[in-house]
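Only one chain is given next, in structure tokens, and it is the form predicted alone.
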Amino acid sequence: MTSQNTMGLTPPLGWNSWNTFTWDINETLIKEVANTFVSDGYKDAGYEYIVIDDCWSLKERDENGQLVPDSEKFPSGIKAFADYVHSKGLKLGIYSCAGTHTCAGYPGSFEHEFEDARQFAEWGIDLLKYDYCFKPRQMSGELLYKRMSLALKNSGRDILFSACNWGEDDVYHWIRESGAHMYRSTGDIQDNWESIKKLTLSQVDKARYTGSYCHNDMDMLVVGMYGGSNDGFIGSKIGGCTDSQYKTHFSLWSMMGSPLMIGCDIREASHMTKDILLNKDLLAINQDVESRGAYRIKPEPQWFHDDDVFIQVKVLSDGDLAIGFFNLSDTQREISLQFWDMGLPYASKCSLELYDCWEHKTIGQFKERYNPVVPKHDCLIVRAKVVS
């Protein structure tokens, strides 16, 4: 078993089958994704979990009450498939649900928590995504997540617990104590700009609800999908997002400490998609060992009357600051940051040396303030070092 002191320390990084493939999954497809993780540099960048989402099992348990993999989709069985993923130096995740059935109508783990956890451990599973459909109405969701957490921690294997109750039941106030390592705080993401913007604005004031061993999950990434889902709800009717919008999406999730679960078909990823998903500077910010949430600064309220333009600041473990200038509005904006608002007064006689995390180069040293012009739906992410 790996050390419980490191599992979930920083936001998990990986890939999930749902956003692009939904129910249309199989062993060959996911093996190819695992191979691509290695060949295209995702593993070296820190991504490690390959997660099989809903629709992997048969519609009924067997005579012993056990979950049964769909032999047409996974002819080798889950144990052999897990061994293959592990041989690549990666980890395997699987999906179940706190209710009687999963969201797609397959058997859930309600009142099967301990036997399912043991079965997942025997198969070599490393992560469980635990959804929230078909929960008996009079049952406490909080109790059900605590129940599965206890089952996983006593399964005989370290299994990262990814709770997915969509932000229901005042989850922020009990999820850390449940033992979950990450938790969905939003409804389902869609591959369009309005969805990204909506999820972002629902979480910008919740920095205090994320941290090491219990990360606020803003849902899987849609970077690089370009409307390519086989699910009409997830896929946009107008062809997904622009590269700038995907870049902003990835920057927000990285700055806000969300787990980064890729949702596109990485086997077909464009050059720009790879540049976004493999950005070492953004990944370093997301994976900072202290896992602190990013606080928001709203510039000049007399000019900015809504939430579409803001600055995020994330305190990093080495004394640097990660600073994001975000323009979610439909017009170009100049965004002025006064260093005083981050605790750096002019009287300190210190400057900030700014490094552009998308251009991967130093911008320069600045005193008192910095005011970049940011195009619509775009962002600037800098790493700021305090210099005398």
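Note that the coordinates shown come from a computational prediction; the quantities given were computed from them, not determined experimentally. Numbers for residues come from their place in the sequence shown, where the first is 1.
Another form, the form predicted in complex with a small molecule, is not on view; read the next lines as being about it.
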| item | value |
| --- | --- |
| Proximity of A104 to the small molecule in the predicted complex, heavy atoms at 4.5 Å | yes |
| The small molecule contact in the predicted complex: D54, any heavy atom under 4.5 Å | yes |
| Close approach of D126 to the small molecule in the predicted complex, 4.5 Å, heavy atom | no |
| The small molecule contact in the predicted complex: F161, any heavy atom under 4.5 Å | no |
| Candidate site W166, R184 and D188: all three near the small molecule in the predicted complex by heavy atom within 4.5 Å | yes |
| Option from 62 to 70, 353 to 361, 46 to 54, 329 to 337 whose residues, in the predicted complex, bring a heavy atom within 4.5 Å of the small molecule | 46 to 54 |
| A180, L277, M220, V85 - the one with a heavy atom within 4.5 Å of the small molecule in the predicted complex | M220 |
| Interface residue in the predicted complex among Y95, F81, W253, Y145, criterion: non-hydrogen atom within 4.5 angstroms of the small molecule | Y95 |
